[in-house]
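Each of the two blocks below gives one form of the same protein chain as structure tokens; they are labelled structure 1 and structure 2.
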Structure 1
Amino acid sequence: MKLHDNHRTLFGLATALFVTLTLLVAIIPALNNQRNNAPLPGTRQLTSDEFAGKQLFIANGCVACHTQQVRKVAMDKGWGPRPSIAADYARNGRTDLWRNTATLMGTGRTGPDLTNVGNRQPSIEWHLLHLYNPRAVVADSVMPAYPWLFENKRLPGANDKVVSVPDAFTRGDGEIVATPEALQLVAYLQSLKQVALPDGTPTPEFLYQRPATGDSTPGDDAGGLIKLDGGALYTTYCQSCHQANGEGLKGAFPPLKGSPIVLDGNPARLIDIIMKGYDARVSEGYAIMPPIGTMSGLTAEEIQAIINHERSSWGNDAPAVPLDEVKKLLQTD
């Protein structure tokens, strides 16, 4: 009897071959990948609000312009402290029995990569203002505004999240209030954080690194160190709120140009604000500043470079702060 003359035998063998190949090619390698790429210590599952924010992120087309992968090339170093690895995505379990969870690594980068945006930009107020009108915080931004995630209220309630919007960008009467959807989307963005690899695990190196730039000057505690670029650090950690010209945004973020805190001969308060945040100017309409230094793990050398850049830019003319003084103030705190 020929094999193809018996349909039961033919279809049975085809089914057995299909199941065997599925096990060998798909299921067993997938299980092996799960074992080899377990979630990293320090990561967690998304909360209900963060997961809802992820769905909004997809529904509003954010995936078309933003990636979530730090490539292994030096030009990506600004998006995260290390290249992404498979274990970074191990928390992306199934949505339910029938649906897999989207891994939003992306394929195009019209906007910045968001892998580490929760650490890079921890301010809720900044994210809300950016969603309401991106041009309010980044003048040349091509990102569309999302005003439908906000509403105007003449008398906001005690539980309403009022967004500090500069007068030039307000629409309608009353206060701008974030909807629950806006807060969920921001909660998702703030959950995007790269964690350090476990002790003993080698950190992948960035490829094609360019020589460090800056003036080669003796360091305070070691000779021949390359001076950190305070302007570049300011751009990374401060510029999105306080702007490139140091003038901030009226009604949202205070200026550093001419700021008595920045120009103070004693930098203790300035360093304290960087490490612990600041909420003393909320009554003036300014947003609460998060503890950028603590959340971003800034070193004494990086803090020195940032504050000396602020103290000597935009017409500011305060004396440079030595590294020893910064370290002493950090130890005091």
Structure 2
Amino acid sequence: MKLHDNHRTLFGLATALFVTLTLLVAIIPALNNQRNNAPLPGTRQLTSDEFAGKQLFIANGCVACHTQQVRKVAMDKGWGPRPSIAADYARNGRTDLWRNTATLMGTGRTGPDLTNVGNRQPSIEWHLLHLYNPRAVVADSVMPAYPWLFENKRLPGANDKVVSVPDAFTRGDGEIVATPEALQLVAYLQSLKQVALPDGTPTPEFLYQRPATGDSTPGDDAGGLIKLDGGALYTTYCQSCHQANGEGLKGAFPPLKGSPIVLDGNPARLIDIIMKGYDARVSEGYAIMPPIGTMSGLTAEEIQAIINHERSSWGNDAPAVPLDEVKKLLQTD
């Protein structure tokens, strides 16, 4: 065929086909997307500290393991209250002359998604300890440690942020103090929050919901009903601070094992702390407890499962709280 024997026509045609398709599937959609999406109300530009923290996040390649996208599927519900939409990313522009835009959506989830981590884990102390050595708070973590974001000081100054690291994980002598970089990185992580969509904007649905009732296929013994597992919920929402053995971390997170608040016959205070947070023990060196229940949108059933797990584990033996009581206490709150 003549067409195939002339290198100009052959390669010209191949290039034209490739470039045309490229325009259709890459360039035009990209241009449309950046033109048609404005930042959501309720969001703001990163502060200079948060921006510096984002640069550290990029430099250390955190995106290799952490996504920042809540997909439109039910299994992603834990990472944010709603699926991400294009406007969520509209504030991302070119970083500088040398570096491209960093949307940081990611393609792998070796570690947790970070879309909403500012709400899910608001404790600075937890983040600092976790960055110093992730295994100090999450025993089975495979995340790298970032000790170069910290320094050892014999006599920390009044403005120094001291991190109380369990002895097994301490390196070097003296107190461990967070560098400005560590604080910037944590500031960036805390800035990652999903905001509610403005009224009138359709919220995309989570697809592939699990069947709620008995219309499931044969072989599914539970009849499709999801039985709430207090232990699993505890692992998801509480364990990274209070630990699997319920003993917390000395000088950072208080124990639940033997805790008078957990064992109290009246669960009102326990539920109040879960829903509203707690800062009464900061003077003892403990971190501020975030209002984890409110931020994560925990239901009465989930809270019941969690507190009953806490009240009956690690040697705790307070009586189980019935669902009605939890519901009543949540309403009075």
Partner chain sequence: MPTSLCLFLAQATPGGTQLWGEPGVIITLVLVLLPLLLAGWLAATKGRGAVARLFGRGGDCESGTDLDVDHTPPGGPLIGNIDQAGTVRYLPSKKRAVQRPKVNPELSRLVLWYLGTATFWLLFGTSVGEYLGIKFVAPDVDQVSWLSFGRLRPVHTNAVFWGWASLAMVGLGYYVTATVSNTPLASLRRGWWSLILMKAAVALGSVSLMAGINNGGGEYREYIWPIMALFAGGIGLALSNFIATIARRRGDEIYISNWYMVAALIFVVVITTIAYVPVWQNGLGETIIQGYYMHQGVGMWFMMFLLGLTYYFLPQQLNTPIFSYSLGILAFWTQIIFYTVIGTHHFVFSSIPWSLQTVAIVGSVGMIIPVAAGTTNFLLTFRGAFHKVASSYTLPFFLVGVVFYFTGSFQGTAEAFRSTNLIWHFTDFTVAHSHITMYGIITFLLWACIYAVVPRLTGREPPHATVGAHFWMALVGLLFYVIPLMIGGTLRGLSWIYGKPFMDSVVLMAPYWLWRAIGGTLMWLSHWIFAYNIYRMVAGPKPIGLDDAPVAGDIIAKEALYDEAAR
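None of these values were measured; they are calculated from a predicted model. We call the rigid core whatever largest set of C-alpha positions still superposes within 1.5 Å between the two forms. Structure 1 provides the reference sequence; residues are numbered from 1 along it.
Which of the two shown corresponds to the form predicted alone?
-> Pick structure 1 here.
By the 2 angstroms cut-off, has the C-alpha of Gly53 moved between the two structures once the rigid core is superposed?
-> After core superposition, the displacement of the Gly53 C-alpha between the two structures stays below 2 Å, so no.
Do you see a C-alpha shift of 2 Å or more at Cys65 between the two structures, with the core held fixed?
-> Stays below the 2 Å threshold, so no.
Rigid core superposed: Tyr237 CA moves 2 Å or more between the two structures = Yes.
For Val19, tell me the Cα shift between the two structures once the rigid core is superposed, in Å to one decimal.
-> Shift of Val19 at C-alpha, rigid core superposed: 14.2 Å.
Angstrom shift of the Cα atom of Arg281 between the two structures (superposition on rigid core) | So the C-alpha of Arg281 has moved 3.4 Å between the two structures.
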